[in-house]
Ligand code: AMP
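Let's start with one chain on its own, the form predicted on its own, as structure tokens.
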């Protein structure tokens, strides 16, 4: 244990000591993916950020229960159609086939970027009874109403005694002026009201029977149910991408407070947006790329591909709450930095302190001890990975000086050298989750590309199939379509 952590409380934007509700236990819930499409880089950044938070809390001595859900129903388009149902119709598959297919893809990507698995990964469809029960409780307390087979949360009623908008800093009056006319709005008392239970249209595939209608739960409802089920009515950390702060997390607060009169979360943490060469990353601008495209370099805005650990290192060079800008220059710099870090650790692991006591230089030893402390201080200050990496590189300068003979290891002192060595290695591998990669085009990339090939083939995306075949052939790999699946061989 290194003492109490300090993180940013997003409700007040001030720094305060991190004191979990039940120390030393920490409950952390992160909104996981909606599994109807390929994993995008925003997902990757968010889950790498929370992976580091999870790793550091455990490293610091806390017992963490990390819950990350999978949304497999209820994420609606403006038209009112469920995205998973729409995808199932387009690909002529059952909705649960879509869910399994993209869940597998998500897990593959997370493994590629060396993230730890959550302790619990619940599915929205596995908690329908709890979602129905919460809806009934909100109806009972007057914070919800039924309309034409759907049930909506009454934002105006809630705001009479509570503050809807306190997380995002938005005011109801301003929100009302900004609302758009969407399908189904005529069933609501107020345009800001959000669905707890939605009556299914005749063609809607995913539907369940309740006393209100054959329908499905609202998107916001699932996270309130799953987070409190596994972490209690009040828990420590809840997070996700910045785009979830409003309305998703705002609605979660309203639902949970409405049901229990307790603020469910002590600390809200949000990762910021991605840009490319200073422009917002988006498909419409043609500057959006998927993880596999970033790894292979198979995109018009990229000069080359980058290994998963280079990408992870690049993302951790910015604080999670800062905008992250992708450019070839920044990624190349990250590659150099990651390579320098891994080479330094390789050298460090080969250095041993010589036999004999020696006489340490107290001033030098104190300086190195302070540099080690700085790694903890940086992570304690709102999990600042960018500062932490800088402190690790400062320590590596001492390692390189020892390696080249510019610094006498005995002047460092045995105890201080051991701490220097442990600090660099453990912060890099255990906290930041960075590991050595033998080559950029290694077995991990081959496995990832074959997985993408299989998905492309199943989806009948033959342009992508041909593209991946050609890319693998350039690396001397032949893809073999077998009766039992996909295999590969070295090109003869």
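Positions refer to the first chain, counted from 1. Here the structure is a predicted model, which is why all the values come from computation and not from measurement.
Another form exists, predicted in complex with adenosine monophosphate (AMP); not displayed. Remarks below refer to it.
Among the candidates 348, 274, 309, 341, the residue which, in the model of the complex, approaches adenosine monophosphate (AMP) to within 4.5 Å (heavy atoms): Exactly one listed residue reaches within 4.5 Å, namely 274.
- Interface residue in the model of the complex among 375, 138, 244, 132, criterion: non-hydrogen atom within 4.5 angstroms of adenosine monophosphate (AMP): Residue within 4.5 Å of the partner: 244.
Give a yes/no on whether residue 40 approaches adenosine monophosphate (AMP) to within 4.5 Å in the model of the complex, heavy atoms considered.
Result yes; residue 40 sits at the interface with adenosine monophosphate (AMP) in the model of the complex.
* Using heavy atoms and a 4.5 Å limit, would one call residue 33 a contact residue for adenosine monophosphate (AMP) in the model of the complex? -> Although adenosine monophosphate (AMP) is absent here, residue 33 would touch it in the model of the complex, with heavy atoms inside 4.5 Å.
>> I'd like to know if residue 281 sits close to adenosine monophosphate (AMP) in the model of the complex, meaning any non-hydrogen atom pair within 4.5 angstroms.
In response: Output for residue 281 is yes: heavy atoms within 4.5 Å of adenosine monophosphate (AMP).
### Query
With the cut-off set at 4.5 Å between non-hydrogen atoms, does residue 47 touch adenosine monophosphate (AMP) in the model of the complex?
So residue 47 counts as contacting adenosine monophosphate (AMP).
Among 224-232, 265-273, 117-125, 190-198, which stretch has residues whose heavy atoms lie within 4.5 Å of adenosine monophosphate (AMP) in the model of the complex? Comparing against adenosine monophosphate (AMP) in the model of the complex, the contact stretch is 265-273.
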